[in-house]
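To begin, one chain is listed below as C-alpha cells, in the form predicted alone.
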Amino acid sequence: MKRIGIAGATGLVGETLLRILEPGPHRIEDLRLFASAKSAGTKLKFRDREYEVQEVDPEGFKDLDVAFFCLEADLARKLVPQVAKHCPVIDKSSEFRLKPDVPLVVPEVNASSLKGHKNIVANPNCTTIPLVVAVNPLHQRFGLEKLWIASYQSVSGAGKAAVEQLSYENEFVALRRTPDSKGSPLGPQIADNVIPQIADFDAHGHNGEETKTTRESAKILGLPNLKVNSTCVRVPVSVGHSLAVTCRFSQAVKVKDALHVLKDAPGVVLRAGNDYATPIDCRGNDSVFVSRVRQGAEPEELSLWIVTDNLRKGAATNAVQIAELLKE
C-alpha cells in the first residue's frame, strides 16, 4: 500500500485516516488528497510534508493501490464507479453497502467476502461495525437468532458541523441560557438533550440508522433471516458510540461461557464484573470494548454493553484493515 488516494480528506473520517496512517508501517510514496470544491486548496500535513487538497476528479486516482472514499452517498454514487476503473475503492457511504455484488466488510467477521470483489468494497455503518465485532464470536458459538439494540451515538457521527454545534450549545447551557439550534445539522438542541432520530424516518417510523444496523448486520453476519429491533439515539457526546444489546441464541448460554468466548475474540477488549467502558475510555483506540455481560430475561438471552471510537474502528481503522486485506 504505497500509493493512496483519500476523497473527503478534510472531513472527520478523512482526517482520522491520515492520523492512523501517519505513524503506521505503510511506506506511502504517493499520497493524493481530494475534497469538494469548497475545501479544495486546503493544506494538510502528513509525515513532515504538506499536501494541497485537490477537487475530486476520477482521473486523479489513476495508478493508485487503493482509494478511500469518505464522501456522502450522492457523491459516492456518481464518483466511485468511475474511480473503480483505476483502482480498488473502499467506500464509507451507505450507497453500495447492500448491493449484492459489493462486499460489506468487517475484517474480524467476514474477510472472506472480499474474494471476487469488483474494485468496490463497502465500509459498514459506524454502529454496525462494533456490533458485529462483539456479537459474531458469540454467534459462532451459540447461534444468533435475534437482536435488541439501543444505540447512543456521538455527534461526530454527523460530521464536523455537528461537533461544532455541540460545543456552541454547551457554552450556552453552562451559562444557563438557551442556545439557538436553528439550522443545526442535528435538528433539535443536542446539549443537555438526547434526540431519537438519526437520518430520516421511513413509512414505518424507523429512522435511517435503525434500518442500516438491521440490514447491514444481517448481511455481514450471513444471517438473512436475523431479527433485529433497533432504536438509534443521538447523545451529547463528541466521540464514541455506545450500544446496549440483548442477543437471543438458539441454545441456552451461560455468562461464564460467553466471557470465555469474548476474552479471545479478535478486536474485542473485554471488561468483566463491574468494570465497564465508556466513550472516554475508547477514544483514540482501535478496539471494540465489551462490558456488563449478563444474563437476559431467558436462558437463551445475553445482554452486553459495547463502546467504540466511531471515527476509528467505526470508520477509518476498519477501512485501513480492509485495504491491508486487499494488499494480501
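Note that residue numbering follows the sequence shown and begins at 1. Remember, it's a predicted structure, so these values are computed and weren't measured experimentally.
The same protein also exists as the form predicted in complex with a small molecule; that form is not shown, yet it is the one meant from here on.
Proximity to the small molecule in the predicted complex, taken as heavy atoms within 4.5 Å, picks out 33-41 from the listed stretches 257-265, 294-302, 280-288, 33-41. In the predicted complex, the small molecule sits within 4.5 Å of a heavy atom belonging to Asn310. By the criterion of a heavy atom within 4.5 Å, Thr317 is excluded from the residues contacting the small molecule in the predicted complex.
Although the partner is absent here, Lys219 sits far enough away that none of its heavy atoms falls within 4.5 Å of the small molecule in the predicted complex. Though the partner is left out of this view, Ser93 does reach within 4.5 Å of the small molecule in the predicted complex, counting heavy atoms only. This chain is drawn without the small molecule; in the predicted complex, the residue among Val228, Leu75, Val233, Ala199 with a heavy atom within 4.5 Å of it is Leu75. Proximity to the small molecule in the predicted complex, defined as a heavy atom within 4.5 Å, singles out one entry of Val105, Val89, Leu243, Cys126, which is Cys126.
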